[in-house]
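Only one chain comes next, encoded as structure tokens, the form predicted alone.
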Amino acid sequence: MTSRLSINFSKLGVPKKGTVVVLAGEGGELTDAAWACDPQKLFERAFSQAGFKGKLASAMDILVPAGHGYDSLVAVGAGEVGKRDEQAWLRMGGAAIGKAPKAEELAVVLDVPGQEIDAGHAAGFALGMILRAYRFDKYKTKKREDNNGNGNGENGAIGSDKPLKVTIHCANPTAARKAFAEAEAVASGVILARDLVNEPANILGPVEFAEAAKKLESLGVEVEILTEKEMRKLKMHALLGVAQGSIRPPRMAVMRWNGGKAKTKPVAFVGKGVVFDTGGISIKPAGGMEDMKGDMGGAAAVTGLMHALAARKAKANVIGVIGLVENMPDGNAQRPGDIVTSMNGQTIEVINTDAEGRLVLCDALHYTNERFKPQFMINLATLTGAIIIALGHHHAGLFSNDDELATRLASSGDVTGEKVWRMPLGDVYDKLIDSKNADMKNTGGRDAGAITAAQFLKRFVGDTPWAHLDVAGTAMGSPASDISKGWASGFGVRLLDRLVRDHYED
């Protein structure tokens, strides 16, 4: 990960220079450590004039007079004591960066009324700073200036190519430094996922995506790349049918992190990696089609997750499998009405070539299940527009055949803020994908579209505990937040890292 920030931790005290950030409790209350940074009582006057009340993740910056000693002062609201959960510390860190776009050096006085700040709080604050500072501008030959003309880019993102030096002053810097090492590993996975989703499809094809996964070997991940020839031998005709319209060959990346005990069965994550989706012969409307470079958000999340787990040396055995294809309307593309045979022998009538993600996933799921016999499988996919109609952009759709796994996922979502909402499955929905010409068809029509897509996938997992996360509304085109200002959010990396951390490490 190349971070926009260089973060260090120091003992709680009065910073000597730069832009200084302090935390304000409910009502704008400051600690003695914060007041020590402001002998001229600038905060007091500014809070009064602006009506600043210390609301969680609210922030205001204060210009200081010449001779004050600092470039500027920033106050970040810490809200009510009882409501400062894990997400709150991330949001505070993000808010701090959002109000310091011009800073050349940043010091944070991590002290707040009514609460003792531990190492986890400090690490979370730093994680929020890193995630907020992210931007994707590698193809800009001239950096866009913000409204103040400072060259720092839009939305308060850090603009210099030189990392911003950040010093966090806290009660126990040694413990904070240790906790931050793991948080930084997770941040690196989120940033990798964001980068992959943001990459244009002419740069990131199936082969290039597979090469990106291969780079995880430097962290100790075992990576195997299956080519078209190998997938054909395995009879993955559902996946290959999607790819046959593109001149770019498909790939499947199989990633293995062996951090747990030798005899512990692995957990498995499977991602949809359609690097660009035109819809195939059932071509999409032109408006917004450029966003279909992000139709590999599930594969990006799985790759980012494997990076995070390896970087923090997770004590778990984990499998990551991503099916990588491009869906194009070539003369060789599959047609509506074609029937393909999946790896497990079930036949599929292709009603709509734009319902392609489930064709990729069904072979990937069966392959993962048969080869690795995992404790569970979770697949992630930007699968349906229907889930956006149902849940908008603030929850991913969760479908599962296992209540315990679904409950654990929901709990991990609540903690991390990457929220999921369980949707129904059942025989009445399953019947909608029965076909008169094959074992099933790849779409049940518009009604309950996200559910019938999940029912399709369920036919390929057997009795293995399984969950399907439809991240169409959360992985790309996600709304701005205190920790994400980009179009790509990296959704799923923090969620699944927490799931593994809390329930599946030895």
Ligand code: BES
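Please read these numbers as outputs of a predicted model, since none were measured by experiment. In case it trips you up, residue 1 is the first one in the sequence shown, and so on.
Not on display, but discussed next: the form predicted together with the named molecule.
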Among 378-386, 262-270, 188-196, 409-417, mark the stretch whose residues have heavy atoms within 4.5 Å of the named molecule in the predicted bound form.
378-386
Considering only heavy atoms, tell me if Leu30 and the named molecule come within 4.5 Å of each other in the predicted bound form.
no
Test of understanding: in the predicted bound form, would Asp277 fall inside 4.5 Å of the named molecule by heavy atoms?
yes
Verify the contact flag for Ala34: yes if a non-hydrogen atom of it lies within 4.5 Å of a non-hydrogen atom of the named molecule in the predicted bound form, no if not.
no
Check whether Asn344 has any heavy atom within 4.5 Å of a heavy atom of the named molecule in the predicted bound form, and answer yes or no.
no
Decide yes or no: are Arg312, Ile319 and Asp497 jointly within 4.5 Å of the named molecule in the predicted bound form, with each residue judged by its heavy atoms?
no
Of Asn352, Asn258, Asn369, Asn172, the only residue with a heavy atom within 4.5 Å of the named molecule in the predicted bound form is Asn352
If you check Leu457, Ile451, Met476, Met440 against the named molecule in the predicted bound form, which one has a heavy atom within 4.5 Å?
Met476
With the partner left out here, which residues of 273-296 have a non-hydrogen atom within 4.5 Å of the named molecule in the predicted bound form?
Asp277, Lys284, Met292, Asp295
